[in-house]
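Quick heads-up: it's one chain on its own, the form predicted on its own, in structure tokens.
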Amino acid sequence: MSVPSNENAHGSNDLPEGVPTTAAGKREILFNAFDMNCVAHQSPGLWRHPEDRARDYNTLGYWTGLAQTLEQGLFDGLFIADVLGPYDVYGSSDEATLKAGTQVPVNDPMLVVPPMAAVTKNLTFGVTAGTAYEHPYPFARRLATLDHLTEGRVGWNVVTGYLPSAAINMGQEDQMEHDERYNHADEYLDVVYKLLEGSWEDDAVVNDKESGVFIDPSKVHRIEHEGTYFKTPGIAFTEPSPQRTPVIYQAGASTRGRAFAGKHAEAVFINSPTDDLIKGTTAKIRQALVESGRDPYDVRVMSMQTIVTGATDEEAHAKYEELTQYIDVEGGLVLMSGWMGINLAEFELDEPIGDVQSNAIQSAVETFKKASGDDSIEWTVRKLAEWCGVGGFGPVIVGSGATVARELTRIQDETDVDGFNLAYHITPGTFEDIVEFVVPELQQLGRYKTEYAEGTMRHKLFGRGDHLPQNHYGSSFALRNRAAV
């Protein structure tokens, strides 16, 4: 079986089975807001903009206000990134990242979810948490707790880690080797599945006040897990939550990462600056699902995108030019160094990239050349930093709501993504502009919802109920399926 081609024009003809559609019968564009519990996420330096409120990241009001804005715009979810160590590749220290505030300080993403859930009814929340440094037993309890408190509106973005600084601060000399990190994560998820799917039967909680029995002990089972990395013999410490296992997000783009996604992921976040790369990555992810015995559209692919918009194209371009005045070049190099694993402080800012002997840097520049569509640009180390100054490594669309809406539909039709992880340049202004200018235009095109579907995050995404589907690997640990076998 191979991934079907996606030749449908305007998202309406011969749509593949399993893609979300609007009431107009056209392919629906999904929106996540992309944020992080910090000051400078993807656009280093723009926290200095007079309208930016990122400094309020450590207040409840910032998060509850953002959640209400997103729900007003019928956003599907808020996706919260996270790291556990500072970006210290640039200059071989954390000095530059501290000065620029690039993803430091950063607070726990999970703790801001319950207050946001309390002021919304339909918005969902994808939270990032790594598998490298915490035992899955207490983590499974926190995950189930979030699922209870949000009434099933939470997903887990599974990351294996990529910053050596996090490993060192956890008492290790370095991270595990790349593929071993995924082997470790595979077993980590096995333990989580066993706890959340395979420990408590659906009717274990009887809550019988007359007999005084709250839980039927015969319906709660030890998981008896003993593997290469973990030994967890006992029962789950939480009763089943609405989804049992929250929706599984994943963002790995390597061959091993795609295999992991094929096995586990229900939603995948990708970050590619050109249409060709987006299309190629999306096709590989869908094929990975097929190779794992799943349908290619059992996953929702969300591509990173930054939008600068206004009432007119002219207003949007003027807004973009103003934003560029706040770009922090060194902050951009801090992020690029961390993402590529190369100390860009070793090069002169205005040194032409052609003189830099680094395959990773040359590859990045080739990618940005394609994204810019301008071969006349002389790419320097400074230009590389400026390029990611608004929107990070992902693509940027500048234009009126109508212009942006047409471009988003074109990208979806040509690349087969399900939607977009929308990074901010200033917050919450980026999202307020999208709600005001872009969402109505997408609705006019019949490509965006006009009301929310009811139910849990999984049901909203797939319309097939609250729990892992039968063809998902994690479902094999469910007591109902083991009993059937």
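The shown structure was predicted, so the numbers you read here are calculated from the model rather than taken from an experiment. Start at 1 with the first residue shown and count on from there.
Quick note: we don't show the form predicted together with another copy of the chain, though the next part is all about it.
Checking A117, L189, A385, I353 for any heavy atom within 4.5 Å of another copy of the chain in the predicted bound form turns up a single hit: A117.
Put simply, of L149, V329, A253, A259 only one has a heavy atom within 4.5 Å of another copy of the chain in the predicted bound form, and it is L149.
Not displayed here, another copy of the chain is kept clear of A288 by more than 4.5 Å at the level of heavy atoms in the predicted bound form. Mapping the unseen interface onto this chain, V213 counts among the residues with a heavy atom inside 4.5 Å of another copy of the chain in the predicted bound form. Taking the partner from the other structure, another copy of the chain in the predicted bound form has a heavy atom within 4.5 Å of a heavy atom of Y137. Another copy of the chain in the predicted bound form comes within 4.5 Å of a heavy atom belonging to H49. Heavy atoms within 4.5 Å of another copy of the chain in the predicted bound form map, among the stretches 217-225, 394-402, 303-311, 71-79, onto 217-225 alone.
At a distance of at most 4.5 angstroms from another copy of the chain in the predicted bound form, none of the three residues N183, N271 and I342 contributes a non-hydrogen atom. Of all the residues from 93-121, those having a non-hydrogen atom no more than 4.5 Å from another copy of the chain in the predicted bound form are D94, E95, L98, K99, A100, G101, Q103, V104, P105, V106, N107, D108, P109, M110, L111, V112, P114, P115, A117, A118.
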